[in-house]
Ligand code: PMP
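Okay, so here's just one chain, in C-alpha cells, the form predicted alone.
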Amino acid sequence: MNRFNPESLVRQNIRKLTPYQAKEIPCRIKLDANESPFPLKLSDFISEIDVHLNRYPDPEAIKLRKALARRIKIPYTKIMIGNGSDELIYYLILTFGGPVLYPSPTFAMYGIIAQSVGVKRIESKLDVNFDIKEEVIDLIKTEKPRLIFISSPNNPTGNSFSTEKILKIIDTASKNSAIVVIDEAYQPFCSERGFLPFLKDFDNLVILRTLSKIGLAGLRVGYLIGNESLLFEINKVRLPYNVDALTQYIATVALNKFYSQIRKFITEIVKERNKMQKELSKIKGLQVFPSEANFILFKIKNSHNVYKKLLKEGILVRDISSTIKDALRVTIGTKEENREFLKVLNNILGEYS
C-alpha cells in the first residue's frame, strides 16, 4: 500500500518557503523579541471581564476601533483591526496581489506572506548605512509593484527613513498606481511623528500599527489605517470574527483606562535605550547602530559565539548574522536586565581580549 505523501500536493511556492522562526528558548532574561519588558496582568486594569462567551465577537470591532481612533485622533471608519499585523499584511497582499516591493533587510513577513500567496517579490538592498537607495524609485517605475512595504523605524536595523525620501516614494507610487504601506510598529519609541498627518494628502497611503510592542503582545492586535474606499476592498477578504471577544474587550479597556501607564512604560524604554546605546558604544570591538525603536542592532566579531555564550548565561538576544553579517539585536529590557546584559557581554568580550 502506497503511503500518502502530502508534499506531492503542496504548491511549488510553498515547498520553497522557509517559515518564520518564533521559537521559545528557555532563559532568565529575554531580550530577543522586541516585547515590552514590563509585566502586564489583567488585574492591573480589569476587575471583571464583561464578555458573554456564548456569543460571537463583534465582527467589526467597533468599540476597539473607536478607542484607537480617540488615541490617534482620526475617524474610526479609517481603521481595520487584525489578529496581529501579520494578518493585515496577508490581507493586503491577498487583496491587491503583486509584485510586492520592500527594502532588505526588513521585517521577514512581507516576503514570507508574498511567497505564500504566490506573488512576485522585489527586494531592494539598503545601503551601508541601512538607508533606502534611489533605485526604489526606478523599481516602482519599471517593475510596477502593486504594494510597497516600508518599515520605519525598520526592523532589524532600528533606524527611521527620512520623511522626504518616503514622501517621494509615496508620490511616485501614486503616479504608478501602487499602494505604499508604512509599517509603524515601532513608532511609539520614535522621535518622529509618523505618517498619519499625510493620510489626507495621499489616497494610496496605508499605515500599519500594533499594540504588541507597547506591552500587549499577548493580545495580538494590529491595526490598519487608511481611506475608507481602500479598507472596503480589504474587508472583502477579512475573515469573519477575526479578533476574538476577549481580545477586543481587554484591548479596549487598556486603551481607555490604562494608557497613561503604558505611556510611562514607553518613556522608560526610550530612556533605557538611550543609556544602552551610550554604554554599548563604549565597548571596544562593537559597531553600534543608532535606533529609534525598542531594540539596538550591533555588529561584533564571532557574533554567533557571543550569542551562544550569552544564552549559556541565561540571556537571550536575537542572532541576526544570517541576515546581517556579524550582527546581534538586543531588545531593551528593564534597568536591571540591561545592566546584567552589559555586565555579561563585557565579561564575554574580556575572554577574547
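Numbers for residues come from their place in the sequence shown, where the first is 1. Just so we're clear, the structure is a prediction, and the values are computed from it rather than from any experiment.
Heads up, the form predicted together with the named molecule isn't pictured, but that's what we're talking about next.
Does the named molecule, in the predicted complex, lie within 4.5 angstroms of each residue among G84, N155 and K213, using heavy atoms as the measure? All three within 4.5 Å in the predicted complex.
Let me know the one among Y102, F130, Y186, Y91 whose heavy atoms come within 4.5 Å of the named molecule in the predicted complex, would you? Filtering the options by heavy-atom distance leaves Y186.
Could you check which residue among N159, N204, S151, Q248 gets a heavy atom within 4.5 Å of the named molecule in the predicted complex? Only one option qualifies, and that one is S151.
Can any non-hydrogen atom of R220 be found within 4.5 angstroms of the named molecule in the predicted complex? R220: yes, in contact with the named molecule in the predicted complex.
Are any of the heavy atoms in F195 no more than 4.5 Å from a heavy atom of the named molecule in the predicted complex? Result no; F195 lies far from the named molecule in the predicted complex.
So which stretch, 135-143, 178-186, 69-77, 115-123, is the one near the named molecule in the predicted complex (non-hydrogen atoms, 4.5 Å)? Correct option: 178-186.
If we check the named molecule in the predicted complex, which of the residues in 96-118 reach within 4.5 angstroms of it by a non-hydrogen atom? F107, Y110 sit within 4.5 Å of the partner.
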